[in-house]
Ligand SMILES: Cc1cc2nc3c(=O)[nH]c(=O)nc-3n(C[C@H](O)[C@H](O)[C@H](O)COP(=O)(O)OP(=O)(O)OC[C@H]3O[C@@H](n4cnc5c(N)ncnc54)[C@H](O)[C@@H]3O)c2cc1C
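Below, in structure tokens: the form predicted on its own, a single chain.
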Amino acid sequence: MDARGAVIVGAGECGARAAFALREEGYAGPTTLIGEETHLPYERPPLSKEGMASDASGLKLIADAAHFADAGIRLLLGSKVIAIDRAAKTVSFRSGSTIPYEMMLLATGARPRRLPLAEASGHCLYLRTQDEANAIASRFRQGAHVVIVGGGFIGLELAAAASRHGCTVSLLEAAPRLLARAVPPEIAEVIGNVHRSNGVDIRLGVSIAGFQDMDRGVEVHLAEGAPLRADFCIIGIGAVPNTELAQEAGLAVDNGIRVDGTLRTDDPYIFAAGDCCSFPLSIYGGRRVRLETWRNAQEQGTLAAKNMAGGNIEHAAVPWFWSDQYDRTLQIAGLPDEGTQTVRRDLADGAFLLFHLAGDGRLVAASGIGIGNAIARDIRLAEMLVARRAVPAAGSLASAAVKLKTLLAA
């Protein structure tokens, strides 16, 4: 394939959306989407949810092969790019073959952070791909004991999935509370209580001394107290952006591949988007962030495509995230740590919202939790208020009698 076109490295949510968005923007050149997995591009959020499938038939595809073919998108699956030659504008593979590019998008995503103490164990698993989800789900059975290391979203979602499958679950977290970097303590407390009510043994402030494989299962040695015997462990202690390819090509890296507001790297022909990149958020004064969220991957894939097709549009979306925990759903719009004051609004059936205000009274984020979709509409309206840099009265935010829609109209 000698003609230069668009090359997208990474066939996850971000890369796949970008490929289709290029066509929607009228780009007619050759478009190649390269992925290391052999599966067609699929959605990752379902992998950690309660209904996680035990085989690839549970894949939620972003599009089937026919849709890629109809759009003229060349799929190279099971392929790994090992180098970028920026001078020649080519990418190369282990086989020695190369593909030239006119412009390129790096959507290389992230990988699970490894726990060195667990590397020698054959019973410690990680979750990022469908195949890893299959390996975990195949071990979920009634009465099995699973130890989950990490009290973040992935660890907690997997704890819910395991308990729903009849497993006995112990969750170990080194911090003094769950979700310490992600959500306000009020929401973390609700989530912890829901898990405990479903039989999950949550241990906070725990240090792990090591892992020892047994004939059947693994023994988790703690810095204090008796060891835990488990059939297997799942390690969920965060993610690391896949920046090696960019770094070896001489691109700037700063907690991810460094891009500007239009998602361009310091090479004008190379863009980066999704979990692998760090970018400035204008709504927070240019604060540089890296987001590992489904919606961000979608939004940035589309934005990168627009700019690859000749646009010059800056990222302006408000960060948004959700997680399902049993029958509860939590949602966050914006960055709560930008706030210096929190205003609570109580809703029906134990649901509540937290509004996070900056020192000047501007609404910078909203977070909430409730059963099902109890908070979804309000979080969406709050997201719009954040985008408009609104300065609503704290009393109006606290009162459930004041509709957020009226604050938006004002």
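The first residue of the shown sequence is 1; numbering continues from there. Computed from a predicted model, the values in this text were never measured in an experiment.
FYI, the form predicted in complex with the named molecule isn't displayed, but the following is about it.
Contact with the named molecule in the predicted complex, defined as a heavy atom within 4.5 Å, is made by none of 23, 263 and 313.
Stretch 239-247 is the answer when you ask which of 210-218, 263-271, 189-197, 239-247 has residues with heavy atoms within 4.5 Å of the named molecule in the predicted complex.
By the criterion of a heavy atom within 4.5 Å, residue 45 is counted among the residues contacting the named molecule in the predicted complex. Although the partner is absent from this view, residue 9 contacts the named molecule in the predicted complex, with a non-hydrogen atom inside 4.5 angstroms. Within 4.5 Å of some heavy atom of the named molecule in the predicted complex lies at least one heavy atom of residue 79.
Proximity of residue 34 to the named molecule in the predicted complex: non-hydrogen atoms within 4.5 Å are present. Residue in contact with the named molecule in the predicted complex (any heavy atom within 4.5 Å), chosen from 73, 289, 117, 110: 110. When the named molecule is considered in the predicted complex, only one residue from 90, 163, 293, 170 comes within 4.5 Å through any heavy atom, namely 293. Taking the named molecule as positioned in the predicted complex, the residues of 137-169 that bring a heavy atom within 4.5 Å of it are, in sequence order, 154, 157.
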